[in-house]
Every structure is written in C-alpha cells, then in structure tokens.
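In the block that follows, a single chain appears as structure tokens, in the form predicted on its own.
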C-alpha cells in the first residue's frame, strides 16, 4: 500500500515530507485536505491529527503526525534506499545530527515562521503586519545566520560532511523568506549562501518546491 500524505499540496511542511519521500525513493499519494475551507479543523480530520494541522501520514494503517517525526520515520524505515544517512546510524554521528536539528528548531524555524506569519499569513487573514515584531524577527534571524556562517565555514552541512534531515528541514520556510519574500540575508554570509545553493538545487526539492 502506497504511503499517503494528508495535506494541502502547497503547505510548507507537506512539501517537506514529500521532499523526503523523494530523497528516499518512496512513492506517495497526496490526499488533498482543503485547508482554506477549514477541513483540517473538522472532527473527521482531528481524529487522526488532534491539533488540526497538516500533514499527517497513513502508512498502511500506521498514522503519524508532526512533520519532523514523519521525516525521521521515512528516513529510518527506508534507510537502505535513496539518499543515505539522512539520519545517521553511528551514535556519535546521530548525536551531532540531533544537535543540528536542534539548531534549526531553536535558531531558524521560529524566526522564519514568524516572518512568514507577519508577511503572508496575516495578509490572508486581512490583517496588517506588526512592523516592530517583523523587524525584531529579521534582526534575530540575521544574528543566527551569522553563527550558521561560522559553522558552515568549517563543514559542508550542518551535521558534518553529508546532507541530513537537519539541512532539509530548512527548505520550506527558508524558501519563503529568502526567495518568495526576497529577504537578502545570504549575500554577506558566503558559507550560508553556498550551503543554501546546494540544498535548494536538489532534484527532490525542485520537484516539490511549488507543490507536493
């Protein structure tokens, strides 16, 4: 039975899960959820994702939600195929990987998501952005990326010499901030720019960049 991704095709974290499926050469079926009509908030959807968020997956009856957990599951279940070691198996390498994941979770995602909320989500809701909050988010992200530039000046990827999920987790909201919204945060950070060019050129991402 093919793995089913329940979500909207353009939702950032749906595209992330689809990207990882492609990295691991895992066929998937996208089961469309009409988020703009509130389908993800219905009792039928919440039965499988109690927080009413996309995506969740159904892998032959195994239900899992939270995109980072889904990506780990796919990477580990299909470890022997596709891009190797998206989750490293050596204990020390895995610890460094988890460190890199924590970097993304704590030092990138909150700011990129916040910028997206102020510039895009509020607009969809008919609200104006909080310019003071937006400025603070951008300045914080700049400071974090300065440290990224130091790390990536010593190694090719966030967890070392090979790409992992820690790198791929940046793709959806990084694309929104750097490309769709046009925040020029890479030019003065050559190591981040090199890394970003690398991970965004992957065929697996290009295939789902617009929609899963």
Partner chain sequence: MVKLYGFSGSTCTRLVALICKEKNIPYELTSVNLSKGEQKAASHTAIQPFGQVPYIDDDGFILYESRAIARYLSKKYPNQGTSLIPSDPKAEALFEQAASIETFNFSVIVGPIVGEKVFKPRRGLQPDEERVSELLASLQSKMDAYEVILSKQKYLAGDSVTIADLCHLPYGTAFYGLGGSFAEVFDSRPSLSRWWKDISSRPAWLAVKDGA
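Only a predicted model underlies this, so the values are computations on that prediction, with no experimental measurement involved. Numbering follows the first chain given and starts at 1.
Another form, the form predicted in complex with its partner chain, is not on view; read the next lines as being about it.
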Exercise. Taking 4.5 angstroms as the cut-off for heavy atoms, does residue 50 touch its partner chain in the model of the complex?
Worked result: yes
Exercise. Should residue 119 be classed as touching its partner chain in the model of the complex when contacts are defined as heavy atoms within 4.5 Å?
Worked result: no
Exercise. Is residue 183 close enough to its partner chain in the model of the complex to count, meaning some heavy atom within 4.5 Å?
Worked result: no
Problem set entry | Contact flag, residue 66 vs its partner chain in the model of the complex, heavy atom cut 4.5 Å | yes
Seminar exercise, completed: Of the candidate stretches 183-191, 26-34, 50-58, 159-167, the one with residues having heavy atoms within 4.5 Å of its partner chain in the model of the complex is 50-58
For this session: For the three residues 75, 123 and 179, verify that every one has a non-hydrogen atom within 4.5 Å of its partner chain in the model of the complex; reply yes or no.
Result: no
Problem set entry | Residues within stretch 95-111 having a non-hydrogen atom within 4.5 Å of its partner chain in the model of the complex | 95, 96, 98, 99, 102, 103, 105, 106, 107, 109
